[in-house]
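Next up: a single chain in structure tokens, the form predicted alone.
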């Protein structure tokens, strides 16, 4: 934990040092909403390797990390950008080509696993996935499980409840080395406020040994003391704060901006082919010096004006999505 308030406020490059090779990580957001993309791009530039990723509903954040060769193993429910792709093209290629190891759970099951880690309990009982093959098929080999003590020794367990006799599933808790989320507002001490749905960000944040928060704005603590019930994560759980306006692009950040349908279509078109995928990375990730240059690359002030959200609605009602 940082010893001083100012120690928490840092640059993207400084914050990526908290994510070593081989780290177990999770990213906040949900499909086309509020992924910490500026941080993802910086991880890619820094060439992190052998990451173990946990997710309930990741989108292009995970897809790009896999395509960049950053990810070795994945535990998740699904990976997609909603209407733009049923499944991420790089995730598909990696699974089909045996480039990553992966294990699947239900969406609710993954959120419950994060919640168990947040509560500090070793497992959580549930009925989710009963009646499906998810409870029958393991994705990781025994060799893989023995190779890393952070991986659960088995995917799950089914038992008869000692109180009712009903069959239930026990899911292993998740405790990440690092979780990274993107929020609308963080105060200078680290208190986090997320407007709109928080999806599984609260559980993911609280199950992490270290928490990194990118945000649209950094404000003084006094501003978040009004309506404190709207504050999601307390300051003492946060290790790093990075102010990155539009830091979730091409995804939406409720009340601030909408997702970018043009860019998402461009990504999924380019990511289907190895050569065009490399060109995309060279143009939008490796070929820019910082996030400001990236925003200029994707269309600058004119593009951001089109994506700007209506404060009352939370999204851009005139945005052309088709």
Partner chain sequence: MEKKYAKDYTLIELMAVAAAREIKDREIVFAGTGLPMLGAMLAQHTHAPNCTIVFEAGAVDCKLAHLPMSVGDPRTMRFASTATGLFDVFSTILQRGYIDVGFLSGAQIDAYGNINATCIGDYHRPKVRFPGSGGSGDIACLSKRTIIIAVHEKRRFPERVDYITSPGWIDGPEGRKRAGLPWGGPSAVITTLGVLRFDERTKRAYLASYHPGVTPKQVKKNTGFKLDVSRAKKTEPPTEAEIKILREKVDPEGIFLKKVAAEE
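Since the structure is predicted, the reported quantities are computational estimates derived from the model, not experimental observations. Positions refer to the first chain, counted from 1.
The following text describes the form predicted in complex with its partner chain, which does not appear among the structures shown.
Taking the partner from the other structure, its partner chain in the model of the complex has a heavy atom within 4.5 Å of a heavy atom of residue 254.
Its partner chain in the model of the complex is approached by residue 127, whose closest heavy atom lies within 4.5 angstroms of it. Its partner chain is not drawn, but in the model of the complex it has no heavy atom within 4.5 Å of residue 150. Of the heavy atoms in residue 45, none are within 4.5 Å of its partner chain in the model of the complex. The three residues 24, 144 and 289 each lack any heavy atom within 4.5 Å of its partner chain in the model of the complex. Residue 95 is the only one of 244, 95, 185, 178 with a heavy atom lying within 4.5 Å of its partner chain in the model of the complex.
Heavy atoms within 4.5 Å of its partner chain in the model of the complex are found in exactly one of 292-300, 46-54, 254-262, 61-69, that being 254-262.
Annotation for 89-104: interface residues with its partner chain in the model of the complex are 91, 92, 95, 96, 102, 103, 104 [heavy atom within 4.5 Å].
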